[in-house]
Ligand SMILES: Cc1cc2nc3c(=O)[nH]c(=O)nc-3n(C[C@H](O)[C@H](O)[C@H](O)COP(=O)(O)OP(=O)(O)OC[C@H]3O[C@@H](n4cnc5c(N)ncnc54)[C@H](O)[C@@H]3O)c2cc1C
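First comes one chain, alone, set out as structure tokens in the form predicted alone.
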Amino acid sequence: MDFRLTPDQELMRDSIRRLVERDVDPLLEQHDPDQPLPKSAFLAVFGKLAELGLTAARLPQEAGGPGITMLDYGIMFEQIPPAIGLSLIAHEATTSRLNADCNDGQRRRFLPDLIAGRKIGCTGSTEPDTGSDPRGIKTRLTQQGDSLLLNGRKMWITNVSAADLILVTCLDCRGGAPRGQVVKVVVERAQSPFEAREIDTIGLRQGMLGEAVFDDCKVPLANLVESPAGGTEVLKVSWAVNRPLFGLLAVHLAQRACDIAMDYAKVRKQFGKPIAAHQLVQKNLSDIVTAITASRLLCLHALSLVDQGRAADGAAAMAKRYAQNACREAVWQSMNVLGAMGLSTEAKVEALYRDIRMLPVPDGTNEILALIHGRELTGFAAFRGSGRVAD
């Protein structure tokens, strides 16, 4: 097993690093760190990311994607600041879901602008009472003449406040039944306006996280997505890639905190020598780097399983759960290396700690992820009955 990056992977990694240094970091610094970036800024960044294929990384070349492996995607994705990376996950995963679920006509209508980064997409599944179990949704789809009517509320949706398009998971109640089958419908804001607002959070405050309310939202019948795989299957499959990506967001944040702590330890002096020369500080730095390295490898391993077509649900769940836990502790230890400076906003490590605290919940809490991993290990599901999982 060779853990070295290939020349092509190094080129891809270095290309995205240069893009971030040249186009993304200055944009983030120009705006209030405690307010969501304006839509125009996200579109500018998405346009640049589209040039490297990252707005449609999971799509094959014949569908308009770059045709890269998920391992390569992860290597590049780690370089992206998490306020942008969080939105990219939502946008790119939505593009992938649309490609998998839509008919040819819908693909021609929806995908080109998303792939090019000219429009922003998102997926609306989570509701106030429904998170990791998409079958518990209550948003209802009915029909009035030649139009569909959407009623319900979606929460904790990345990109929703600025999205041009949202793929909504809902119940098909057109037959009058109180609970129908789970289906999806594409809501285009320009022709089907809906209410959306930002949710104020402790971290990743330059990102976009919000809620949407659909109150008799009228949607063209042509926007109903009749998936041959069923209403939730493509959604669940996409989590095997999303979860390691969330783990790599944690790796990015911890690596930044580590770099700050390492630089500080080499110049801050106590007892006549740099604190980097003291044994316990060296131990802290060793623990930090170990957590980052192990987290990165777990995430890339999970993505490589996806490339190989092997079962990846357990590995993806393990990678996200371990990475955000280990890297959160790494950021905390970095704050400790800085001492009192670690508590200051000037050092910027406290902001990284607030940012990393945002990562345990999206695409599966730690508890749910442990059960998913446990199900794969034992063959028994710990939720929705206790029967053995089908082989």
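All residue numbers are counted from 1 along the displayed sequence. Owing to the predicted nature of the structure, the values given are computational and were not obtained by experimental measurement.
Heads up, the form predicted together with the ligand isn't pictured, but that's what we're talking about next.
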Counting only non-hydrogen atoms and a 4.5 Å threshold, tell me whether Y73, I292 and V306 all contact the ligand in the model of the complex. no
Though the ligand is not shown, can you say which of Q206, N223, T95, S125 has a heavy atom within 4.5 Å of it in the model of the complex? S125
Identify which of L27, A351, L43, V361 has a heavy atom within 4.5 Å of the ligand in the model of the complex; exactly one of them does. V361
Where does the ligand sit in the model of the complex: which of 149-157, 102-110, 250-258, 76-84, heavy atoms within 4.5 Å? 149-157
At the 4.5 Å heavy atom threshold, is T365 in contact with the ligand in the model of the complex? yes
Even though the partner isn't displayed, in the model of the complex is L19 close enough to the ligand, meaning a heavy atom within 4.5 Å? no
